[in-house]
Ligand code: NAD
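Heads up, the chain below is alone and in the form predicted alone; it's given as structure tokens.
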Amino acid sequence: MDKPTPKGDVFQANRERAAPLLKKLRADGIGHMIDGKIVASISGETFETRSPVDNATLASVARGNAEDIDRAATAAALAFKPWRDMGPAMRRKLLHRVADAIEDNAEDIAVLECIDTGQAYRFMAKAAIRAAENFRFFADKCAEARDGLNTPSDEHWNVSTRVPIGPVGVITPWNTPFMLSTWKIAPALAAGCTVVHKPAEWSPVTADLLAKLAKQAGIPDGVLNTVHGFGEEAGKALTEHPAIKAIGFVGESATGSAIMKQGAPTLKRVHFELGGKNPVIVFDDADLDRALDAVVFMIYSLNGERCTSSSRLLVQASIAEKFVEKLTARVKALKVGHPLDPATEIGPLIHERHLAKVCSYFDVARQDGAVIAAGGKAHDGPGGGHYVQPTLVTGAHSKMRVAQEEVFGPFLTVLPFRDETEAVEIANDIRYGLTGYVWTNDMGRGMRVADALEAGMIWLNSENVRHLPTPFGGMKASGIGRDGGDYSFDFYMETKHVSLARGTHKIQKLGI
């Protein structure tokens, strides 16, 4: 039997792999990918992207504005009809080639994602594989993208079909950016749409790599265009551009609201996957060991920087003291460290501004009268980057800011409850409604609570485990629309009804 590779050796191998990639990145910089060509901004302006590990400059990035977006949107519009009319078998083949290219470069993607975002290698090592799965899943659905229904009436055959909506804009966030970009782009391309992608300015590195891999895989020029820049410049121009028929966005709820306003004059269709303050509800009859593992994983993995994290722990009062005691010990034992180290469980936060935001909630908790049971400070990590201690807040109630506002970091607030009714009341007493997690061995109770929770996705006795055909999305301030399987095609395609007369129905005669 082969011996497992020592973690120290993996850490060193990751650093050795990263070194030439970063050297080339700094030398070449990052440009836009427009109509199959890597180009600078028309204005010539750039901005720097820095690593959260040590604040070192990673690359000079082209700073796109309305002119660059117009150039990309025009390219997408010109490429749309040939891509739409390409046979689904050929589109499937090309998308599988993209997946192959992603898998071939999985290690490079992983280390670049770690350096660019601060996410731990233990999670990013699988991000590229999940991204490839996204492309393969939707590649295999190309042939059925236009499928509809047959709904016959007495005198007509009524059939429906779907057609791609046109060029679309995709705006993606900085948390696990590579995987989340493919989650939006793959179904759009499979549907027959062309894409203008505006990645988050804090994490442009792997978006640049994705555009290049798609080009190498044979995606035709103009089908996938990437414009880097800031939301108020490139993002706003994309949401307002008349050639762009729809906007798929993942990010903050406030930004989603702004995008709706910007797209209103051109009647943009929008799909939003926004923020969350998700509850994990642990009843006293649950498998408490498994529940504890899931509670820790769903808030402290990925630095707590994900919309589906369970950032509110609702625990039944009868078990709260012992459960929180074990939880506190686990939180204090979490390893904060360099993201390329496979032993690291929590890396640096994405940006100094985000670090300041997360740290501000330590004072908020204290001012509101809550107790910081673990963490509550910035962390002096390797490289001196944007590290923070994993934090656990107790002694809180549901009206406190730490129980209402999305911190988007490794920050968990504990809220005890008496019974099922109060658990549901606390869980729903929030502006968000993305996910909910319920732990109980009473399946009747589990089903009742799942039905009562105001959230788009519920997991019973499980952490968040994605299944690609299922609908992904939220309610209330957590979003509009659903991703996954045919739900994605419902967004990127228009449904068309065609009625075929049998020739036997009576037509009224006027003007006789």
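In this text the structure is predicted, and so the values were computed from the model without any measurement. In this text, residue numbers run from 1 along the sequence as written.
There is also a form predicted together with nicotinamide-adenine-dinucleotide (NAD); it is not shown, and the following applies to it.
**Q** Just one of 369 to 377, 326 to 334, 193 to 201, 100 to 108 has residues with a heavy atom within 4.5 Å of nicotinamide-adenine-dinucleotide (NAD) in the predicted complex, so point it out.
**A** Looking at the other structure, the answer is 193 to 201.
**Q** Here the chain is shown alone; which of 128, 250, 186, 115 has a heavy atom within 4.5 Å of nicotinamide-adenine-dinucleotide (NAD) in the predicted complex?
**A** Checking each option against nicotinamide-adenine-dinucleotide (NAD) in the predicted complex, the one that comes within 4.5 Å is 250.
**Q** Going by heavy atom distances of 4.5 angstroms or less, which of 137, 174, 387, 417 would be at the interface with nicotinamide-adenine-dinucleotide (NAD) in the predicted complex?
**A** Contact with nicotinamide-adenine-dinucleotide (NAD) in the predicted complex is made by 174 alone.
**Q** Within a 4.5 Å heavy atom cut-off, is residue 208 in contact with nicotinamide-adenine-dinucleotide (NAD) in the predicted complex?
**A** Taking the distances in the predicted complex, the answer for residue 208 is no, it never comes within 4.5 Å of nicotinamide-adenine-dinucleotide (NAD).
**Q** Against nicotinamide-adenine-dinucleotide (NAD) in the predicted complex, would residue 231 count as a contact residue? Criterion: heavy atoms within 4.5 Å.
**A** Judged by the heavy-atom cut-off of 4.5 Å, residue 231 is in contact with nicotinamide-adenine-dinucleotide (NAD) in the predicted complex.
**Q** Report whether the minimum heavy atom distance between residue 74 and nicotinamide-adenine-dinucleotide (NAD) in the predicted complex is within 4.5 Å.
**A** The answer is no: residue 74 has no heavy atom within 4.5 Å of nicotinamide-adenine-dinucleotide (NAD).
**Q** Residue-level contact is defined here as any heavy atom of the residue lying within 4.5 Å of nicotinamide-adenine-dinucleotide (NAD) in the predicted complex; does residue 276 satisfy this criterion?
**A** So residue 276 counts as contacting nicotinamide-adenine-dinucleotide (NAD).
**Q** Could you tell me if all three of 180, 235 and 307 have a heavy atom no more than 4.5 Å from nicotinamide-adenine-dinucleotide (NAD) in the predicted complex?
**A** Yes, each of 180, 235 and 307 comes within 4.5 Å of nicotinamide-adenine-dinucleotide (NAD) in the predicted complex.
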